[in-house]
Each structure stands twice: as structure tokens, then as C-alpha cells.
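Consider the single chain below, provided in C-alpha cells and representing the form predicted alone.
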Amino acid sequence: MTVATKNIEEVQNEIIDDFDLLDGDRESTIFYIMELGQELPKLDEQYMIDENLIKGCQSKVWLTTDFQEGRIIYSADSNTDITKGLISLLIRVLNNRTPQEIINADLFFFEKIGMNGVIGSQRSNGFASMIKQMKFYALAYSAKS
């Protein structure tokens, strides 16, 4: 297992830089998010069950975790490319971190890239549910250790 070499803030700044290249173009931004979703490895069918669904998402989003050497490894999938792209951004930021890093993470990239104006309130609420679930897993692992 490779340990994340960049801290959460650095990864978020990279994401902001990536989206800056799109110059606020809504169509390009949506297409880019969908491309990110297509790059996320498909979750094995056995994990695409109701207990792994994130509540509060308009689309179906499945999230699973593994705990290795004190770090959380996230895996996810969705039935839509745009939602899969959104969860892939969160995995990029939070994957392979300690529970405490995830719990304490100030996730500012979403607002900085103007995502609320691109995906609308329904998906923004779903994105907040994804963050909540990822932090909930971190809290659970933190309590166990």
C-alpha cells in the first residue's frame, strides 16, 4: 500500500488548478467530471447492495471501505457518470488517509471550483451526503482504534 504523499490541502489545490483550465465553461466541466467517473474502477457487483448505498443522493452511489495499516481505502461506484465523477474527486482527496485526517479535513475545493452552479442543488446535496458518509466511516474506524 502506498501512503498518500500530498496532504489533503495540496490535493484539493491540484483539483482547483485542473478545473481552472476549463475556465468556468459549464459544458466542459460536466464532461470532465463524467470523464473522471469513467476512470474510477468499477466496484465489484457483490458490493453494490443497499447497505452500501449513500442515503441522500439523487443517483445510486455505493461506497465501501477497507482499513489497512491505519488508513482508510475507499471504493465507490454509481449508476451515473457525473455522480461517479463527483465521488471520484472525493476519493482522490480522502483516500489512503488516517481516520483523523479525514475527520479534520476542510473540504474547500467544491466551492472554489464553482461546482454548485454546475451541478445544481439536488446533486450538491448528494455530494454533501457523500462527504458525510466518508467522514462517518472515518469516525467509526477512529472509535475502533
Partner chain sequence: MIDVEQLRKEFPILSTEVNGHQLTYFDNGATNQKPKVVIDALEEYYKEYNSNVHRGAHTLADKATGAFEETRTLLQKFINAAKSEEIIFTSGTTEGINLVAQTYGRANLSQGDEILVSTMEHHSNIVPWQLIAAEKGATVRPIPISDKGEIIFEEFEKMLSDKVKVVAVVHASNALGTVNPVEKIIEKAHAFGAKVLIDGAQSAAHLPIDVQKLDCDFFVTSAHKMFGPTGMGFLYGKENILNDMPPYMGGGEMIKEVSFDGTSFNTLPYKFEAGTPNIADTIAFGKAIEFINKWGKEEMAAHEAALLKYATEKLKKEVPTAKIIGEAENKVCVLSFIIENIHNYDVGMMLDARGIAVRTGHHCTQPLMARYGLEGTIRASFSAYNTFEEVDRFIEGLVRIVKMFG
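Since the model is a prediction, treat every value here as computed from it, not as a measurement. Residue numbers count along the first chain shown, from 1.
If you look for the form predicted together with its partner chain, you will not find it shown, but the lines that follow are about it.
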* **Whether Glu27, Phe31 and Thr80 all lie within 4.5 angstroms of its partner chain in the model of the complex by heavy atom** => yes
* Is there a heavy atom of Ile119 lying 4.5 Å or less from a heavy atom of its partner chain in the model of the complex? -> yes
* To do: Using a 4.5 Å heavy atom cut-off, state whether Gln38 contacts its partner chain in the model of the complex.
  => yes
* Answer with yes or no whether Ser59 is in contact with its partner chain in the model of the complex, where contact means some heavy atom within 4.5 Å. => yes
* Contact label in the model of the complex: Lys135 to its partner chain, heavy atom within 4.5 Å -> no
* Contact stretch among 100-108, 72-80, 41-49, 87-95 - heavy atom within 4.5 Å of its partner chain in the model of the complex -> 72-80
